[in-house]
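Below sits a lone chain in structure tokens, taken as the form predicted alone.
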């Protein structure tokens, strides 16, 4: 996996100087990715300062970092707005993720610890034990999937790679829910997770890289299929 993207984005994802700004950044980022603030919603500095119990300055710093992450747009006279993604944006996100996460798997193959492998096994076990497509099940699958990918990225032990991946984490939760509610896609994804774990346990960097890339690109292909069906 090429790392050209890391050098372009790492500056925009550095942590805020103040702890208040860092806290606001992390909490607001999670709320946006989690769908609490929908695309197009205006993020009012005063309201956010009240919500997070801080002054306006840390909120402004956090919003600037979120703009660097690609989650927020700061518009003249309108202020900060949650960014809306069109279909081309989403395809791009998946394709960049395929590059970066494959690289993370490659690096993790030689660095992952037994505890991290055990955590990946446990995540797979929990996801495979779920059944149905209720909202609670889908939410749990999404959370477990995020945990799985987070463990692999952490095992790569690359701060620059971690920073770059933060900029492509803004895939709308509504699409993720559609993906995990689809039984065939869910089964394929969980099987891919097992392949990735097996590759990491074997210490095969090339195999882990290939398995992760295929896994992410399969999700991209599902997205393209969903968009095509909606246009028909």
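Positions refer to the first chain, counted from 1. It should be emphasised that the depicted structure is a prediction, and the values quoted were computed from it without experimental measurement.
If you look for the form predicted in complex with the DNA, you will not find it shown, but the lines that follow are about it.
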task = Report whether the minimum heavy atom distance between residue 30 and the DNA in the predicted complex is within 4.5 Å.
result = no
ask   = Do residue 150 and the DNA come within 4.5 Å of each other in the predicted complex, heavy atoms counted?
value = no
ask   = Hey, in the predicted complex, is residue 58 touching the DNA, heavy atoms inside 4.5 Å?
value = yes
message = Quick check on residue 186: any heavy atom within 4.5 Å of the DNA in the predicted complex?
response = no
task = Tell me whether 20, 43 and 79, taken together, all sit within 4.5 Å of the DNA in the predicted complex, counting heavy atoms only.
result = yes
key: Sole residue of 115, 75, 125, 86 within 4.5 Å of the DNA in the predicted complex, by heavy atom   = 75
The DNA: the contacting residue among 34, 203, 38, 53 in the predicted complex [heavy atom, 4.5 Å] = 53
ask   = Just one of 59 to 67, 176 to 184, 191 to 199, 161 to 169 has heavy atoms within 4.5 Å of the DNA in the predicted complex; which?
value = 59 to 67
